[in-house]
Each structure stands twice: as structure tokens, then as C-alpha cells.
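Below you will find one chain, with nothing else, as C-alpha cells; this is the form predicted on its own, and questions on how it binds or moves follow later.
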């Protein structure tokens, strides 16, 4: 890690010294160190390492604030446990705020006085981002999105080739040569977005959603210019880079003249676009932004698609993505979909807003530096899945899909991992 210097330290401290952020100051000064958050955290529950207790992360950021922005901290730092923003502190911040937090928000929900611990972690990450200390693998993902328009760095030619291939698959499945995956068509009802891992690694999930659109007779399109629903700068917490990515989606909606922005199956993609993007670009969306989960539920309610639940007889369980449930309030819709598409749905314990993260959130899947730790904290999710006896694990988030696939292999779970769109497509008559 590069050494700190006066310029870097000033950039970090400027994040804490923003006069606009009274919320941060309130939460930095509110923790009563009761320890209830310990029992909510994947890292602490699986390792019993007290460094990973969420309150410790709040205290780390708070101690820096006290050192530089309070009288007692400046005058008697040892008395109030105020810490210098030096190399040792920065190293600890990187390890705890990036490497030991999935930003799932479960600790916030169980905090006795409502400290927004996730928000404090994000501001701590923002300090590190401004100082240039984002873990290299995460920053490379952000860089790819900024430079190429998608976080996987997929070329225009490769993306179009993949979509055309999936269109052929769609036509074969629907037995209709007119079935299409439209590209760059203006004035459609829906502009659909993807996680770039779909065209790169999971192209069948593209044809699955296309089959849903086909069955619903939807007017829709993909944009080759901006189809990436993700914003990994939400995880790195660099506001300038997050703004650039969010602005592209805003601009593409205006260019395509679509009525509805439909956010594909990606928890943080939903949260960063639907709830955070307006803050990044400092203006409201003049168009509707909804999730593909809500859209599919709408199709079923309105009779635009008619799934046959007898087509999927295996036991199915649902993993709730943190940013979709706790972070965005989408809870009932995925259950409504599954109850209409499968014969046997068994819930995990706990589930819904009290769910455990899969272990891949907070950018962990993009930070190879912490792979061993990421797989370790998945033990709780492994136990949840096994207790359901499910054959299929469904989840409306491609980050979760990736993590679940990895732990499926690592822990010999022997289950199938599917997106919600794949479940819906499988339940539709051919």
C-alpha cells in the first residue's frame, strides 16, 4: 500500500468535514456500544473475531472524526481514543470497511438506537476512495465500466454476437422465427438492462427474460451503448465515478425515448440506479424505473403471462438479495412470482428483510483480495439452504447467483441456482 501524505490525508478528512452531511455526524456520535449488532454480522458470527463487529467499524471512522474535528480530540486524543489518519489506520480501514463488510444493512435493522452503520461504512469507503486506497480488483471493475460502458469490458461486437445467438435460441424455443431480442430501437415501452456477467457467462438468462417479454407481447429493447445495470462505484464509494456511470443511464433513457427503465436482476444495480442515482447526478428521473421482478409480477397479475406451476415440481427456495429487500423494499413480488410458477416453495430461516447476505455483497465478488474470507462467511447461507431441502435456489440478483454457484461447488450443496427470470421462463408453456 502506498504511504499516506498530506494531500491524501486532506482528501480523506474533507469527506468527514462536509458541512452538508449532518447525517454522518449524527450517526458517528450515536453508537452506544451495546454490541447487539455483533449477532447480525456474517463476519463476526462465522469467525468470532471482535474486530469484525459492526460497531467497531463505526468507532474506527468516529475516532478519526474526533481526532480532527473536536476540541478534546485535538487537545487530548488519548483521552477520547482519537486516532490519527496515518498508514496504520488506513490499512485497518481498508481491511475492515472493504474487506470485512458486505454492506447488507442487517446490522442497521437490529441496531438498538438506529445507527445507520452501512452509511458510515460507505462514508469510510468514500474517504479511502478519495485517498486512492480502493482495493485494486474492485477499482479495475469500476475502471472497465468507465472506459468501456460495462464492468466486464465486453466489446460491441461480442455483445451483439451474443444477443444474436440468444435470439436464435429464443426462436427455437418459441418455435417462432419472428421472436426477437431487439437492439437500439427508439420509442419502446421498456428499455431493459442487464448485468454484464449475463452476456459474458450466463447468456441463457438473457433469452429467459426475452421469452418473458415475448409471452407478454412487450414493446422493449436493449441498448448496445448502455445496458449495464451495475454501478460498482457504489461499492468503491467514489461519488465522482458513481455519478459518471449513473449519468450514462439517465442520458441513454432520454436518447432511446423509452417510457420505463427496467432494471435487471442485480441487487446493487437496482439500489444504485433507482434510489442512489438521483443523488449522484443531483436531479430526479423524469421516467419510471422499476425492477424486472416487479415487472414480471405485474405481467402475472394482469394476465399478460400465464405460468404453469406444474412444469416445475422440484422444491424451490428463495434467497433474498440484500439491496433488493432491505435496500429497496422489494419483498412480496418475488414470492408472488414463485407461488405462481412453482409447486413447492420453502422459505429459508430467516428470510425477507431479516435474510442473511449470500456473502458476495458489498463488492466482495469484485475483490479477489478477500476470496477466502468471502467463502468462509457463506457458511450461514449454506446452513440455511441445506435446512430447506430445496433442489433449486432462486434469486433475483446476478451477484448472488455468482456467489451461490461458487459456494454450491465449494461446499458440495448439489443444488441448481437460477434467476427469477429463468424460473418464470421455465414455467411458461412453449
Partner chain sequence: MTWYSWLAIASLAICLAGCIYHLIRLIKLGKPKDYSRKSGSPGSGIIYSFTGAMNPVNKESAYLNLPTYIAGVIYHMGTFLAIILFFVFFFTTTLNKMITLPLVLFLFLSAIFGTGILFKRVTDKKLKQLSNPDDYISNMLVTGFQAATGIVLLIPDASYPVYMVIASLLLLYLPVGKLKHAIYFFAARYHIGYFYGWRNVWPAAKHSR
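Numbering follows the first chain given and starts at 1. All values derive from a computational prediction rather than experimental measurement.
The protein also exists as the form predicted together with the partner chain; that form is not presented, and the subsequent description refers to it.
Q: Tell me which stretch of 267-275, 305-313, 250-258, 95-103 has a heavy atom within 4.5 angstroms of the partner chain in the predicted complex.
A: Looking at the partner contacts, the answer comes out as 267-275.
Q: May I ask you to check whether residue 382 falls inside a 4.5 Å heavy atom distance of the partner chain in the predicted complex?
A: So residue 382 does not count as contacting the partner chain.
Q: How about residue 186: is it within 4.5 Å of the partner chain in the predicted complex, going by heavy atoms?
A: Taking the distances in the predicted complex, the answer for residue 186 is no, it never comes within 4.5 Å of the partner chain.
Q: Evaluate residue 391 for contact with the partner chain in the predicted complex, applying a 4.5 angstroms cut-off between non-hydrogen atoms, and reply yes or no.
A: Residue 391: no, not in contact with the partner chain in the predicted complex.
Q: With a 4.5 Å heavy atom cut-off, would you call residue 116 a contact of the partner chain in the predicted complex?
A: Answer yes; at least one heavy atom of residue 116 falls within 4.5 Å of the partner chain in the predicted complex.
Q: Give a yes or no on whether each residue among 11, 67 and 243 has a heavy atom within 4.5 Å of the partner chain in the predicted complex.
A: No residue of the spot touches the partner chain in the predicted complex.
Q: Of these, 211, 319, 326, 123, which has a heavy atom no more than 4.5 Å from the partner chain in the predicted complex?
A: Contact residue from the list: 326.
Q: Could you list the residues in 283-300 that come within 4.5 Å of the partner chain in the predicted complex, counting only heavy atoms and keeping sequence order?
A: Sequence-ordered list: 283, 284, 285, 286, 287, 288.
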